[in-house]
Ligand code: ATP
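Form predicted on its own, single chain, as structure tokens, below.
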């Protein structure tokens, strides 16, 4: 963080205004602000794009708040396309040179009867009143080039101190829109900020309201939360909050693995694996559930050692059940399913084995599997397993196979079923059997992936079978 950004803090006046500071907004956003101001209205860039400037993060989401009512905004931008995206709550979307910018009238929210949206809103002429309805102080900052940054709630100070704090009473904010609980956890995870004590207490006090939030909204926030750099701290400290919508996580918490390969309990280990995985949603979801079935399958031998036969298969089924309940898309669920299914397998640095896995998983997902296995190995704190010793060598060999374009699937094979039929070597169901035989022969290095060589091999195989 550049010091000059926070030198502004000493210039805060009683009304919350800060001396002007140039924030680099897109020209399209500046056009909206200038047009509204020229028409006699107040207008500010609001929320995340202002916050992100002080965090030196790129922002791709731009919102403007204004004293103009929606119909007045439409009139100001009559020569541009304007969409009534949230007209009931005072929001229209102005499209300026292809950039969509939500423009929302200053408002005071009425009762939130569904823990999601206010039942009605009252328009206001006060930017202060508008900021009072916002979730966190760091998201309640306003900016325009003439006035500078407007900070009514100490958001800049909280950015400086790396704190997540609600605007006003935290319980009220979370009761109004309960998804704000997950947003607080997400911002803490992604930004590495601490959640202020009063806000934290309110999170635990109101957590049960998360049951009222739609699965789709939870999944979106949860995926972002998982991809934060401080995800381990959030998972371990707020496990009971996450357990409201994923109760399957709770049996993992404090569960002793009774195993020399594992120093940590199941959930502590899991949180470390998530943290050590690349910040990709399907990878971190797989990490979260990879050992989820261990409390269900544990068997303790006479020496007091815990064993977990079948935990990968059971964990895969549990993960699919949870992700379907949260309405994740089929592609994500499919990737998570395969990663968990194979996460405990020992992959030897041998081309035939690797190529067959590439055919099942795709090359990209196999590389993800190595990332998951490496994170798993780094998060045990105990003895190294046989699987762990081969990860690096197998990954390197996989990359060599990919770079060389070597054959690993029917799509890569230099011959098609029609070629075999035209050569009179097979017909009907026999074609599939012969194609599999040829692919296996190529993978095992018995024949070159060349059409003529494959035809000769198929003929020789056919003659052998006849004899």
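Numbering follows the first chain given and starts at 1. Please read these numbers as outputs of a predicted model, since none were measured by experiment.
One more form of this protein should be noted, the form predicted together with the named molecule, which is absent from this view; the next part is about it.
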Exercise for review: Mind telling me which stretch in 126-134, 312-320, 393-401, 225-233 gets its heavy atoms within 4.5 Å of the named molecule in the predicted complex?
Suggested key: 126-134
Check your understanding: Of the residues 139, 144, 276, 257, which one places a heavy atom within 4.5 Å of the named molecule in the predicted complex?
Key -> 139
Exercise for review: Let me know the one among 248, 177, 158, 368 whose heavy atoms come within 4.5 Å of the named molecule in the predicted complex, would you?
Suggested key: 177
**Study point:** the named molecule in the predicted complex: contacted by all of 48, 51 and 186, heavy atom 4.5 Å
**Key:** yes
Review point. Though only this chain appears here, would residue 325 touch the named molecule in the predicted complex if you measure heavy atom gaps against 4.5 Å?
Key: no
**Study point:** Partner contact for residue 61 in the predicted complex: the named molecule, 4.5 angstroms, heavy atom
**Key:** yes
**Study point:** Contact flag, residue 217 vs the named molecule in the predicted complex, heavy atom cut 4.5 Å
**Key:** yes
